[in-house]
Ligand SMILES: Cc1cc2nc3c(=O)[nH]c(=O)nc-3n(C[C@H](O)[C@H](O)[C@H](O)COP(=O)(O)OP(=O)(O)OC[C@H]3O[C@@H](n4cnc5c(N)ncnc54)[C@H](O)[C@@H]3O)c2cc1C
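Single chain ahead, written as structure tokens, the form predicted alone.
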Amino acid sequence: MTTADHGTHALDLVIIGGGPAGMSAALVAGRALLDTVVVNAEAPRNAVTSASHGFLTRDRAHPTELLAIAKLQLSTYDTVSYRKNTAASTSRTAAGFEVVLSDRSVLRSKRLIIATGHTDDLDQLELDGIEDTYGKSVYPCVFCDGFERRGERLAVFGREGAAHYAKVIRLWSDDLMVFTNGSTLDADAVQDLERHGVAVHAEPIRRLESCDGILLAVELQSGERIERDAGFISDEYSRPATMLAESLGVTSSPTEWGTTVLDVDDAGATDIDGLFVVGDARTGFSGLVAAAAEGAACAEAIVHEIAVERWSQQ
């Protein structure tokens, strides 16, 4: 893996984003001898967490450790170059794509993968104290952190999706409460939750009480203090880390969960020839394993395309 200047010739592939999706795509590309550059700002959404979970052979590794291992393993592939940088802009050209980096260097390639993920916007949650507890005792993903909180006094913070999420989280603990922070859940949903022993608190939350990031209690507007050990968030509160895909003309569609996802096929291909979007940049939240799988599958599809093109040109 080199840091050579690629601005003077067209690459096979540029990958913007160096999370599990982007780095997995780079690994496949490197093993297929594709001339590839990875551009990574190294500002991952999951840096706030103390450990990553559910990634086979790397369970409990910190996100920075995962990145370091990925960079080390990619360094054995001479056709892959890694740049710690930011893509300032992207544009379409007659030959493919042009990517201008923040240092004003330019990359040109026929194919482009956008894997820039999402970034959290905690202000959307309107939970006083969430900044102190987020990633330490209040989490977005029960599959990522539920095991470590099994059997504890848990809270679900959310609105529309809280009722369903509570059913899932119940697998990890029977001591569970839902806090809607002033919103009203469907009456049937509330009745169903309470029938299964899950209390629903619709009163606005004054603050999350914590110590060194560990949730102690949920204080309601009335002053009532309800002790909890940890919590999970069911609401959507992230936004795309970049708008690069949209700036190139990629469209999006709403989901049944009230979110939007970019319009791509199973391999991450958009309607724009040569442009791919994978990982959280496509879905909002993929998880480490799913994102890595998406990146690998996308790169494999690109390898097949390039192989056929080169075959036909001989």
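All values reported here derive from a predicted model rather than from experimental measurement. Counting begins at 1, following the sequence as shown.
The same protein has a further form, the form predicted together with the ligand, not shown here; the description that follows concerns it.
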Exercise for the section: Only one of Glu98, Glu152, Asp235, Asp145 comes within 4.5 Å of the ligand in the predicted complex by heavy atoms, so just point that one out. Expected result: Asp145
Exercise for the section: Select from the listed residues Asn181, Ser210, Thr242, Thr79 the one whose heavy atoms reach within 4.5 Å of the ligand in the predicted complex. Expected result: Thr242
Exercise for the section: Would you point out which of 124-132, 103-111, 218-226, 82-90 contains residues with a non-hydrogen atom within 4.5 Å of the ligand in the predicted complex? Expected result: 82-90
Exercise for the section: Verify the contact flag for Glu246: yes if a non-hydrogen atom of it lies within 4.5 Å of a non-hydrogen atom of the ligand in the predicted complex, no if not. Expected result: no
Exercise for the section: Flag Val250 as yes or no: does it have a non-hydrogen atom within 4.5 angstroms of any non-hydrogen atom of the ligand in the predicted complex? Expected result: no
Problem - Glu65: touches the ligand in the predicted complex, heavy atom cutoff 4.5 angstroms - result: no
Practice task
Considering only heavy atoms, tell me if Gly274 and the ligand come within 4.5 Å of each other in the predicted complex.
Solution key: no
Problem - Sequence-ordered list of residues in 43-59 near the ligand in the predicted complex, where near means a heavy atom within 4.5 Å - result: Ala43, Pro44, Arg45, Asn46, Val48, Thr49, Ala51, Ser52, His53
